[in-house]
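Only one chain is shown below, in C-alpha coordinates, and it's the form predicted alone.
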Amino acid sequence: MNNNYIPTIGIEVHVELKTNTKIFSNSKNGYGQMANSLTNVVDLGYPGTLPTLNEKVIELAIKAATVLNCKIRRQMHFDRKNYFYPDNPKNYQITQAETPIGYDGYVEIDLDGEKKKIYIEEMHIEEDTCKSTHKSGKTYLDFNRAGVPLIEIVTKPCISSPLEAKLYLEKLKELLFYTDVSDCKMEEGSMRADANISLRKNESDPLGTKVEIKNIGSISNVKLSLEKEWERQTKMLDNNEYFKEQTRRFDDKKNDTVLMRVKETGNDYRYFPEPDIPFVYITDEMIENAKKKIPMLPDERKKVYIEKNIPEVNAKKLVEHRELSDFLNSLLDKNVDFVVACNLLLGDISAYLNKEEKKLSETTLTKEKFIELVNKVSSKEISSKNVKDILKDVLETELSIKEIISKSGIKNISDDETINKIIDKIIENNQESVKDYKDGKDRAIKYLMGQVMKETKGSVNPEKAMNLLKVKLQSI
(Lines give C-alpha, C1' and ligand atoms only; values in the text may rest on other atoms or scores of the structure.)
Protein backbone atom coordinates (compact mmCIF):
# COMPACT_ATOMS: atom_id res chain seq x y z
CA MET A 1 0.00 0.00 0.00
CA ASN A 2 1.20 3.53 -0.84
CA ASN A 3 2.62 5.19 2.28
CA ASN A 4 2.60 8.77 0.90
CA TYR A 5 -0.68 9.43 2.72
CA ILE A 6 -1.94 8.68 6.22
CA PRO A 7 -5.44 7.16 6.35
CA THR A 8 -7.96 8.09 9.04
CA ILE A 9 -10.78 5.58 9.33
CA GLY A 10 -14.07 5.43 11.20
CA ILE A 11 -16.58 2.58 11.38
CA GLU A 12 -20.34 2.59 11.94
CA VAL A 13 -21.92 -0.76 12.77
CA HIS A 14 -25.63 -1.59 12.93
CA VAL A 15 -26.37 -4.67 15.04
CA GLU A 16 -29.76 -6.34 15.29
CA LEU A 17 -30.68 -7.15 18.88
CA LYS A 18 -31.66 -10.69 19.85
CA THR A 19 -35.22 -10.03 21.04
CA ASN A 20 -38.38 -12.06 20.54
CA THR A 21 -40.41 -9.06 19.42
CA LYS A 22 -39.70 -5.75 17.69
CA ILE A 23 -38.64 -2.56 19.40
CA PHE A 24 -41.97 -0.64 19.37
CA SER A 25 -44.55 -3.34 18.58
CA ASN A 26 -45.41 -6.92 19.53
CA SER A 27 -44.64 -8.30 16.05
CA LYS A 28 -42.22 -11.22 16.06
CA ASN A 29 -38.56 -10.41 15.42
CA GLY A 30 -37.64 -13.13 12.92
CA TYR A 31 -35.65 -13.83 9.77
CA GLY A 32 -36.33 -15.75 6.58
CA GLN A 33 -40.14 -15.74 6.88
CA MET A 34 -42.61 -15.01 4.07
CA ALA A 35 -42.50 -11.33 3.10
CA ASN A 36 -44.71 -9.04 5.20
CA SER A 37 -45.85 -11.89 7.47
CA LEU A 38 -44.24 -10.45 10.64
CA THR A 39 -45.93 -7.07 10.67
CA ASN A 40 -48.72 -5.04 12.23
CA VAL A 41 -50.10 -1.50 11.94
CA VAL A 42 -47.27 -0.02 14.03
CA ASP A 43 -44.59 -1.48 11.74
CA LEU A 44 -46.50 -0.32 8.67
CA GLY A 45 -46.68 3.26 9.96
CA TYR A 46 -50.46 3.56 10.06
CA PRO A 47 -51.64 7.03 11.18
CA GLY A 48 -52.67 7.18 14.83
CA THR A 49 -50.59 4.19 15.98
CA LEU A 50 -48.37 4.62 19.03
CA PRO A 51 -45.01 2.95 19.79
CA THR A 52 -44.47 0.98 23.01
CA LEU A 53 -40.83 0.49 24.01
CA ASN A 54 -39.63 -3.12 24.40
CA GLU A 55 -37.94 -3.40 27.83
CA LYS A 56 -35.65 -6.22 26.61
CA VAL A 57 -34.05 -3.78 24.15
CA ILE A 58 -32.85 -1.61 27.03
CA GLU A 59 -31.40 -4.63 28.84
CA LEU A 60 -29.46 -5.79 25.77
CA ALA A 61 -28.22 -2.27 25.07
CA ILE A 62 -26.93 -2.01 28.66
CA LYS A 63 -25.10 -5.36 28.21
CA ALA A 64 -23.56 -4.11 24.97
CA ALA A 65 -22.52 -0.79 26.49
CA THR A 66 -20.91 -2.66 29.41
CA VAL A 67 -18.73 -4.99 27.30
CA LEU A 68 -17.79 -2.07 25.03
CA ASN A 69 -16.56 -0.16 28.09
CA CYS A 70 -19.05 2.66 27.46
CA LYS A 71 -20.40 5.11 29.99
CA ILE A 72 -24.15 4.54 30.38
CA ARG A 73 -26.50 7.50 30.14
CA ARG A 74 -28.96 7.46 33.03
CA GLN A 75 -31.60 9.72 31.44
CA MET A 76 -32.31 9.46 27.74
CA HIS A 77 -34.98 10.10 25.16
CA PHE A 78 -35.73 9.02 21.59
CA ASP A 79 -35.71 11.28 18.54
CA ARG A 80 -37.36 11.35 15.15
CA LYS A 81 -34.90 11.29 12.25
CA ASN A 82 -36.91 12.86 9.43
CA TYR A 83 -36.42 11.82 5.83
CA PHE A 84 -38.52 10.57 2.94
CA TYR A 85 -37.82 7.20 1.38
CA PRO A 86 -40.11 4.31 0.33
CA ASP A 87 -38.72 1.97 3.04
CA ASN A 88 -39.78 4.49 5.71
CA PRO A 89 -43.58 5.01 5.51
CA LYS A 90 -43.78 7.20 8.63
CA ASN A 91 -41.29 9.60 6.93
CA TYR A 92 -39.20 9.39 10.08
CA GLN A 93 -37.11 6.77 11.89
CA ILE A 94 -37.14 6.56 15.69
CA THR A 95 -33.56 6.76 16.94
CA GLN A 96 -31.40 8.49 19.58
CA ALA A 97 -29.64 11.64 18.36
CA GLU A 98 -28.98 13.69 21.48
CA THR A 99 -28.92 11.09 24.25
CA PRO A 100 -27.32 7.82 23.09
CA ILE A 101 -27.48 5.14 25.78
CA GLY A 102 -23.71 4.48 25.60
CA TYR A 103 -20.80 6.85 24.96
CA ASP A 104 -17.02 7.23 25.43
CA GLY A 105 -16.21 3.52 25.19
CA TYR A 106 -13.49 1.43 23.60
CA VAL A 107 -12.65 -2.01 22.23
CA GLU A 108 -9.14 -3.37 22.66
CA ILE A 109 -7.55 -5.16 19.69
CA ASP A 110 -4.32 -7.15 19.45
CA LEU A 111 -2.13 -5.69 16.70
CA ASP A 112 1.10 -7.66 16.15
CA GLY A 113 1.32 -8.49 19.86
CA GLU A 114 0.57 -4.91 20.92
CA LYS A 115 -2.73 -3.81 22.48
CA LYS A 116 -4.53 -0.87 20.90
CA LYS A 117 -7.79 0.75 21.95
CA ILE A 118 -10.32 1.62 19.26
CA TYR A 119 -12.41 4.39 20.80
CA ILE A 120 -16.20 4.44 20.52
CA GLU A 121 -17.88 7.83 20.19
CA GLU A 122 -21.38 6.59 20.95
CA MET A 123 -23.77 3.65 20.89
CA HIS A 124 -27.44 4.40 20.34
CA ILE A 125 -30.69 2.48 19.97
CA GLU A 126 -32.92 2.77 16.90
CA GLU A 127 -35.47 0.91 14.79
CA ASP A 128 -34.67 -0.71 11.46
CA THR A 129 -36.54 0.24 8.28
CA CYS A 130 -38.15 -2.24 5.92
CA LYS A 131 -36.20 -4.08 3.25
CA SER A 132 -36.29 -2.78 -0.34
CA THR A 133 -35.77 -5.11 -3.27
CA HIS A 134 -35.35 -3.62 -6.73
CA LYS A 135 -36.35 -5.85 -9.64
CA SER A 136 -37.43 -5.25 -13.26
CA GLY A 137 -37.82 -1.53 -12.71
CA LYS A 138 -40.01 -2.02 -9.64
CA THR A 139 -39.34 -1.73 -5.90
CA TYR A 140 -40.75 -4.34 -3.54
CA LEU A 141 -41.03 -3.64 0.20
CA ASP A 142 -40.82 -6.29 2.94
CA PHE A 143 -41.89 -4.90 6.32
CA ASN A 144 -40.73 -7.95 8.30
CA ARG A 145 -37.55 -5.99 9.08
CA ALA A 146 -39.33 -2.72 9.90
CA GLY A 147 -39.12 -2.07 13.62
CA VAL A 148 -36.42 -4.66 14.32
CA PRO A 149 -34.35 -3.26 17.23
CA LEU A 150 -30.82 -2.07 16.43
CA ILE A 151 -27.87 -0.59 18.19
CA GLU A 152 -25.59 1.61 16.12
CA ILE A 153 -21.98 1.72 17.30
CA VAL A 154 -19.90 4.64 16.01
CA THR A 155 -16.13 4.80 16.46
CA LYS A 156 -14.09 7.95 16.71
CA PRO A 157 -11.85 8.61 13.66
CA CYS A 158 -9.00 6.74 15.34
CA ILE A 159 -8.46 3.69 13.14
CA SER A 160 -5.14 3.86 11.32
CA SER A 161 -5.34 1.04 8.76
CA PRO A 162 -7.73 -1.36 7.00
CA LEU A 163 -6.22 -4.19 9.07
CA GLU A 164 -7.12 -2.38 12.31
CA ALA A 165 -10.67 -1.95 10.99
CA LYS A 166 -10.91 -5.70 10.35
CA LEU A 167 -9.52 -6.61 13.80
CA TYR A 168 -11.93 -4.15 15.46
CA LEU A 169 -14.95 -5.69 13.70
CA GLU A 170 -13.84 -9.22 14.57
CA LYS A 171 -13.48 -8.24 18.23
CA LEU A 172 -16.80 -6.39 18.23
CA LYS A 173 -18.59 -9.38 16.70
CA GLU A 174 -17.01 -11.73 19.25
CA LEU A 175 -18.06 -9.57 22.22
CA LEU A 176 -21.66 -9.00 21.08
CA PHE A 177 -22.11 -12.67 20.15
CA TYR A 178 -20.82 -13.90 23.52
CA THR A 179 -23.03 -11.50 25.47
CA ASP A 180 -26.10 -12.81 23.56
CA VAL A 181 -26.83 -9.26 22.39
CA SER A 182 -26.99 -10.39 18.74
CA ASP A 183 -26.28 -13.45 16.60
CA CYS A 184 -24.05 -11.13 14.46
CA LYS A 185 -24.78 -13.02 11.21
CA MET A 186 -23.55 -10.65 8.53
CA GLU A 187 -24.90 -12.95 5.81
CA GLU A 188 -28.41 -12.37 7.23
CA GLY A 189 -27.87 -8.65 7.75
CA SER A 190 -27.95 -8.78 11.55
CA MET A 191 -24.56 -7.04 11.62
CA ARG A 192 -23.93 -4.38 8.97
CA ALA A 193 -20.86 -2.17 8.69
CA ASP A 194 -20.24 1.15 6.94
CA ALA A 195 -16.72 2.55 6.83
CA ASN A 196 -15.36 6.00 6.12
CA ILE A 197 -11.82 6.99 5.17
CA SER A 198 -9.90 10.18 4.46
CA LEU A 199 -6.24 10.73 3.60
CA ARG A 200 -3.70 13.39 4.59
CA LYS A 201 0.03 13.89 4.14
CA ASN A 202 1.05 14.52 7.76
CA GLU A 203 -0.41 13.89 11.22
CA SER A 204 -0.44 17.66 11.81
CA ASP A 205 -2.54 18.34 8.68
CA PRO A 206 -6.33 18.71 8.94
CA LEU A 207 -8.37 15.63 8.04
CA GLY A 208 -8.87 15.08 4.32
CA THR A 209 -12.14 14.75 2.39
CA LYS A 210 -14.21 11.93 3.88
CA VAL A 211 -15.61 9.13 1.73
CA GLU A 212 -18.16 6.73 3.19
CA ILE A 213 -18.45 3.14 1.95
CA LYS A 214 -21.81 1.37 2.40
CA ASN A 215 -23.25 -2.09 1.71
CA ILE A 216 -20.18 -4.05 2.84
CA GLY A 217 -21.23 -7.69 3.18
CA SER A 218 -18.40 -9.19 5.24
CA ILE A 219 -15.59 -8.24 7.60
CA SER A 220 -12.93 -9.25 5.08
CA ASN A 221 -14.61 -6.99 2.50
CA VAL A 222 -14.43 -4.05 4.93
CA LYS A 223 -10.65 -4.41 4.85
CA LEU A 224 -10.60 -4.86 1.08
CA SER A 225 -12.92 -1.92 0.37
CA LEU A 226 -10.81 0.41 2.54
CA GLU A 227 -7.65 -0.73 0.76
CA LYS A 228 -9.27 -0.06 -2.62
CA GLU A 229 -10.49 3.38 -1.52
CA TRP A 230 -7.06 4.24 -0.08
CA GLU A 231 -5.56 3.31 -3.44
CA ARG A 232 -8.18 5.30 -5.43
CA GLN A 233 -7.85 8.46 -3.33
CA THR A 234 -4.05 8.24 -3.43
CA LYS A 235 -4.06 8.31 -7.25
CA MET A 236 -6.39 11.31 -7.27
CA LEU A 237 -4.35 13.25 -4.72
CA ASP A 238 -1.13 12.46 -6.59
CA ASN A 239 -2.74 13.96 -9.70
CA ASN A 240 -3.96 17.01 -7.75
CA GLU A 241 -7.57 16.00 -8.45
CA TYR A 242 -10.21 17.45 -6.15
CA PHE A 243 -13.21 15.37 -5.04
CA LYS A 244 -16.24 16.16 -2.88
CA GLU A 245 -17.38 14.30 0.21
CA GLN A 246 -19.30 11.32 -1.11
CA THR A 247 -20.94 7.97 -0.44
CA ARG A 248 -19.79 4.88 -2.29
CA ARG A 249 -20.73 1.23 -2.09
CA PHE A 250 -18.56 -1.86 -2.28
CA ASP A 251 -19.21 -4.01 -5.36
CA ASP A 252 -17.98 -7.51 -4.45
CA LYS A 253 -18.11 -8.63 -8.09
CA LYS A 254 -15.72 -5.87 -9.14
CA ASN A 255 -13.88 -5.96 -5.79
CA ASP A 256 -13.98 -2.17 -5.85
CA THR A 257 -15.95 0.82 -4.59
CA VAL A 258 -18.60 2.43 -6.81
CA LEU A 259 -20.02 5.97 -6.50
CA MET A 260 -23.56 6.19 -5.08
CA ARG A 261 -23.99 9.91 -4.44
CA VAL A 262 -22.05 13.09 -3.77
CA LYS A 263 -22.80 14.86 -0.51
CA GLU A 264 -23.89 18.41 -1.39
CA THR A 265 -25.14 19.58 2.01
CA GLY A 266 -23.81 19.25 5.52
CA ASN A 267 -26.85 17.55 7.05
CA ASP A 268 -29.28 15.29 5.19
CA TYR A 269 -31.67 14.86 8.14
CA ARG A 270 -33.65 16.87 10.65
CA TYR A 271 -34.15 15.63 14.21
CA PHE A 272 -36.58 16.48 16.99
CA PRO A 273 -37.54 14.60 20.19
CA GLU A 274 -40.04 11.75 19.76
CA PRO A 275 -43.21 13.00 21.52
CA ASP A 276 -44.89 9.58 21.83
CA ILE A 277 -42.20 7.88 23.96
CA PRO A 278 -41.54 9.07 27.54
CA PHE A 279 -38.00 9.70 28.82
CA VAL A 280 -36.22 6.53 29.90
CA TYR A 281 -34.40 6.47 33.26
CA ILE A 282 -31.68 3.85 33.72
CA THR A 283 -31.38 2.75 37.35
CA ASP A 284 -28.52 1.03 39.18
CA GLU A 285 -30.75 -2.03 39.53
CA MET A 286 -31.31 -2.22 35.75
CA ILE A 287 -27.56 -2.03 35.13
CA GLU A 288 -26.74 -4.67 37.76
CA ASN A 289 -29.43 -7.07 36.48
CA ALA A 290 -28.12 -6.74 32.92
CA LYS A 291 -24.50 -7.26 34.02
CA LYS A 292 -25.42 -10.46 35.88
CA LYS A 293 -26.53 -11.97 32.56
CA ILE A 294 -23.15 -11.41 30.88
CA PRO A 295 -21.32 -14.77 30.65
CA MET A 296 -17.56 -15.29 30.73
CA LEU A 297 -16.14 -13.28 27.82
CA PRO A 298 -13.71 -14.60 25.17
CA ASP A 299 -10.49 -13.09 26.55
CA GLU A 300 -11.19 -14.45 30.04
CA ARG A 301 -12.04 -17.87 28.58
CA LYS A 302 -8.73 -18.01 26.69
CA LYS A 303 -6.87 -17.08 29.87
CA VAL A 304 -8.65 -19.80 31.89
CA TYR A 305 -8.01 -22.44 29.21
CA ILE A 306 -4.32 -21.60 29.02
CA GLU A 307 -4.13 -21.86 32.82
CA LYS A 308 -5.56 -25.39 32.40
CA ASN A 309 -2.53 -26.15 30.15
CA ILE A 310 -4.53 -26.03 26.93
CA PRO A 311 -2.25 -24.70 24.15
CA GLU A 312 -3.02 -21.12 23.09
CA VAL A 313 -3.92 -22.15 19.53
CA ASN A 314 -6.55 -24.59 20.86
CA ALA A 315 -7.82 -22.03 23.37
CA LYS A 316 -8.52 -19.68 20.45
CA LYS A 317 -10.24 -22.44 18.47
CA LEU A 318 -12.51 -23.22 21.44
CA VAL A 319 -13.58 -19.58 21.71
CA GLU A 320 -14.42 -19.60 18.00
CA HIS A 321 -16.89 -22.45 18.72
CA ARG A 322 -19.23 -21.03 21.35
CA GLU A 323 -21.17 -24.25 21.99
CA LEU A 324 -17.97 -26.26 22.57
CA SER A 325 -16.58 -23.50 24.80
CA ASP A 326 -19.77 -23.36 26.87
CA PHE A 327 -19.72 -27.15 27.24
CA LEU A 328 -16.11 -27.14 28.44
CA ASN A 329 -16.88 -24.28 30.83
CA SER A 330 -19.49 -26.47 32.51
CA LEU A 331 -16.57 -28.68 33.62
CA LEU A 332 -14.34 -25.95 35.04
CA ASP A 333 -15.17 -26.92 38.63
CA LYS A 334 -14.46 -30.63 37.94
CA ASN A 335 -11.19 -32.51 38.36
CA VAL A 336 -10.61 -33.64 34.77
CA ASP A 337 -7.77 -33.55 32.25
CA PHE A 338 -8.68 -30.40 30.31
CA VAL A 339 -6.06 -31.00 27.61
CA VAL A 340 -7.68 -34.36 26.80
CA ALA A 341 -11.16 -32.80 27.04
CA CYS A 342 -10.18 -30.02 24.64
CA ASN A 343 -8.60 -32.45 22.18
CA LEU A 344 -11.72 -34.61 22.15
CA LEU A 345 -14.04 -31.63 21.58
CA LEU A 346 -11.94 -30.04 18.83
CA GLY A 347 -10.98 -33.37 17.25
CA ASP A 348 -13.24 -36.40 16.90
CA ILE A 349 -16.38 -34.76 18.34
CA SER A 350 -16.12 -31.71 16.06
CA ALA A 351 -15.48 -33.95 13.06
CA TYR A 352 -18.63 -35.93 13.86
CA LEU A 353 -20.75 -32.78 14.32
CA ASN A 354 -19.54 -31.33 11.02
CA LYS A 355 -20.14 -34.57 9.14
CA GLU A 356 -23.64 -35.07 10.59
CA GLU A 357 -24.44 -31.32 10.48
CA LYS A 358 -25.49 -31.42 14.11
CA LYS A 359 -25.07 -29.26 17.17
CA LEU A 360 -23.58 -30.74 20.33
CA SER A 361 -26.94 -30.19 22.04
CA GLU A 362 -28.54 -32.51 19.46
CA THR A 363 -26.42 -35.47 20.62
CA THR A 364 -26.77 -37.68 23.71
CA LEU A 365 -23.48 -36.43 25.18
CA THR A 366 -24.03 -35.34 28.76
CA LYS A 367 -21.53 -33.70 31.06
CA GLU A 368 -21.27 -36.90 33.13
CA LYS A 369 -20.72 -39.13 30.09
CA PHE A 370 -18.06 -36.78 28.72
CA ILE A 371 -16.18 -36.75 32.04
CA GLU A 372 -16.24 -40.56 32.03
CA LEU A 373 -14.85 -40.58 28.47
CA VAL A 374 -12.10 -38.06 29.32
CA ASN A 375 -11.06 -40.08 32.36
CA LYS A 376 -10.85 -43.33 30.32
CA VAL A 377 -8.66 -41.63 27.69
CA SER A 378 -6.54 -39.82 30.28
CA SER A 379 -5.86 -43.06 32.23
CA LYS A 380 -4.97 -44.85 28.94
CA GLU A 381 -7.77 -47.35 29.46
CA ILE A 382 -8.89 -46.59 25.92
CA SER A 383 -6.85 -45.29 22.99
CA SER A 384 -7.58 -42.59 20.42
CA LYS A 385 -8.43 -45.37 17.96
CA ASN A 386 -10.92 -46.77 20.45
CA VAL A 387 -12.56 -43.35 20.72
CA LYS A 388 -13.10 -43.27 16.96
CA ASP A 389 -14.60 -46.77 17.10
CA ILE A 390 -17.11 -46.00 19.84
CA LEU A 391 -17.86 -42.31 19.11
CA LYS A 392 -21.13 -42.99 17.29
CA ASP A 393 -22.47 -44.85 20.34
CA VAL A 394 -21.14 -42.12 22.66
CA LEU A 395 -23.04 -39.40 20.77
CA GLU A 396 -26.13 -41.30 19.66
CA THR A 397 -27.08 -43.66 22.52
CA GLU A 398 -27.99 -43.28 26.18
CA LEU A 399 -25.43 -45.94 27.20
CA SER A 400 -22.67 -45.06 29.66
CA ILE A 401 -19.04 -45.17 28.52
CA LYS A 402 -18.53 -48.35 30.56
CA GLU A 403 -21.49 -50.01 28.84
CA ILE A 404 -20.30 -48.86 25.40
CA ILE A 405 -16.79 -50.25 26.00
CA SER A 406 -18.26 -53.58 27.15
CA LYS A 407 -20.59 -53.71 24.14
CA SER A 408 -17.72 -52.94 21.75
CA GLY A 409 -15.52 -55.68 23.16
CA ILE A 410 -12.58 -53.34 23.68
CA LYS A 411 -9.89 -55.11 25.68
CA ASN A 412 -6.79 -53.01 25.78
CA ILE A 413 -3.52 -54.67 26.75
CA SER A 414 -1.91 -52.47 29.36
CA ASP A 415 0.14 -54.71 31.67
CA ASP A 416 3.92 -54.58 31.11
CA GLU A 417 4.48 -58.34 31.19
CA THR A 418 2.09 -59.08 28.30
CA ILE A 419 3.36 -56.17 26.21
CA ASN A 420 7.01 -57.23 26.74
CA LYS A 421 6.23 -60.76 25.55
CA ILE A 422 4.72 -59.35 22.36
CA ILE A 423 7.74 -57.05 21.85
CA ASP A 424 10.14 -59.99 22.31
CA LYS A 425 8.31 -61.87 19.58
CA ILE A 426 8.41 -58.89 17.19
CA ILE A 427 12.14 -58.34 17.81
CA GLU A 428 12.92 -62.02 17.24
CA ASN A 429 11.04 -62.01 13.92
CA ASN A 430 12.48 -58.69 12.65
CA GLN A 431 16.23 -58.83 13.32
CA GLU A 432 17.04 -56.76 10.22
CA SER A 433 14.91 -53.86 11.45
CA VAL A 434 16.55 -54.16 14.88
CA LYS A 435 19.96 -53.84 13.18
CA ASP A 436 18.70 -50.78 11.20
CA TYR A 437 17.59 -49.14 14.44
CA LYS A 438 21.00 -49.81 16.00
CA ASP A 439 22.59 -48.23 12.90
CA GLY A 440 20.65 -45.02 13.55
CA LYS A 441 17.79 -45.44 11.10
CA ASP A 442 14.83 -43.82 12.87
CA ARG A 443 12.23 -45.34 10.56
CA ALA A 444 13.06 -48.79 11.87
CA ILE A 445 11.44 -48.23 15.26
CA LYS A 446 8.27 -46.97 13.57
CA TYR A 447 8.14 -50.17 11.55
CA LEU A 448 8.66 -52.31 14.69
CA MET A 449 5.98 -50.36 16.53
CA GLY A 450 3.64 -50.92 13.59
CA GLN A 451 4.26 -54.66 13.91
CA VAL A 452 3.38 -54.50 17.62
CA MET A 453 0.09 -52.74 16.80
CA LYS A 454 -0.63 -55.27 14.04
CA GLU A 455 0.08 -58.22 16.34
CA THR A 456 -2.27 -56.84 19.01
CA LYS A 457 -4.86 -55.62 16.48
CA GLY A 458 -4.48 -52.13 17.90
CA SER A 459 -5.48 -53.18 21.40
CA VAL A 460 -2.21 -52.23 23.09
CA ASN A 461 -1.60 -48.86 24.70
CA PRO A 462 0.64 -47.24 22.03
CA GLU A 463 2.45 -44.85 24.36
CA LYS A 464 3.30 -47.57 26.86
CA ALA A 465 4.26 -50.02 24.09
CA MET A 466 6.62 -47.49 22.46
CA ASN A 467 8.38 -46.80 25.77
CA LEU A 468 8.83 -50.52 26.48
CA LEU A 469 10.04 -51.14 22.90
CA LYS A 470 12.70 -48.43 23.26
CA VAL A 471 13.89 -49.95 26.55
CA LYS A 472 14.16 -53.42 24.95
CA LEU A 473 16.04 -52.15 21.89
CA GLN A 474 18.50 -50.19 23.98
CA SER A 475 19.25 -53.26 26.10
CA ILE A 476 20.17 -55.37 23.07
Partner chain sequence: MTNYLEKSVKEINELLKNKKIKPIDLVNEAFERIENNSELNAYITLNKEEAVKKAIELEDKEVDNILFGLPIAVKDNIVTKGLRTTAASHILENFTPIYDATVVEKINKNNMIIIGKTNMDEFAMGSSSRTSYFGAPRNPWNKTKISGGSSGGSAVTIAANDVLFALGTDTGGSIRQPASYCGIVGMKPTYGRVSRYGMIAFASSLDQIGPMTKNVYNNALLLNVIAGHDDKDLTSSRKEVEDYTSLIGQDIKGKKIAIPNYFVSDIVSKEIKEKLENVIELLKEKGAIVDYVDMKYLENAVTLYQIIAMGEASSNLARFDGIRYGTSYEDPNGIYDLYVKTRSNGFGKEVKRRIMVGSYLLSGENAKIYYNKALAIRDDISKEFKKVFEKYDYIIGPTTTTTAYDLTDPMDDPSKSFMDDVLSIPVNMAGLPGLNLPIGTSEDNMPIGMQIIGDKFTEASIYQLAAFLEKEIDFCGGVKYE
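Positions refer to the first chain, counted from 1. Keep in mind it's a predicted model, so treat the numbers as computed, not measured.
Here the subject shifts to the form predicted together with its partner chain, a form of this protein not shown in this document.
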**Message:** Under a 4.5 Å heavy atom criterion, is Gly30 part of the interface with its partner chain in the predicted bound form?
**Reply:** no
**Asked** Within a 4.5 Å heavy atom cut-off, is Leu50 in contact with its partner chain in the predicted bound form?
**Response** yes
**Request:** Flag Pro162 as yes or no: does it have a non-hydrogen atom within 4.5 angstroms of any non-hydrogen atom of its partner chain in the predicted bound form?
**Result:** no
**Message:** Can you tell me whether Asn91 touches its partner chain? I mean in the predicted bound form, with a 4.5 angstroms heavy atom cut-off.
**Reply:** yes
**Message:** By the heavy atom within 4.5 Å rule, which residue out of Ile390, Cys184, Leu141, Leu167 makes contact with its partner chain in the predicted bound form?
**Reply:** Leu141
**Request:** State the residue from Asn255, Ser384, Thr364, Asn82 whose non-hydrogen atoms include one within 4.5 Å of its partner chain in the predicted bound form.
**Result:** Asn82
**Request:** Sort through 64 to 72, 447 to 455, 39 to 47, 422 to 430 and report the only stretch with a non-hydrogen atom within 4.5 Å of its partner chain in the predicted bound form.
**Result:** 39 to 47
**Complete:** In sequence order, the residues of 95 to 115 that place a heavy atom within 4.5 Å of its partner chain in the predicted bound form are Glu98
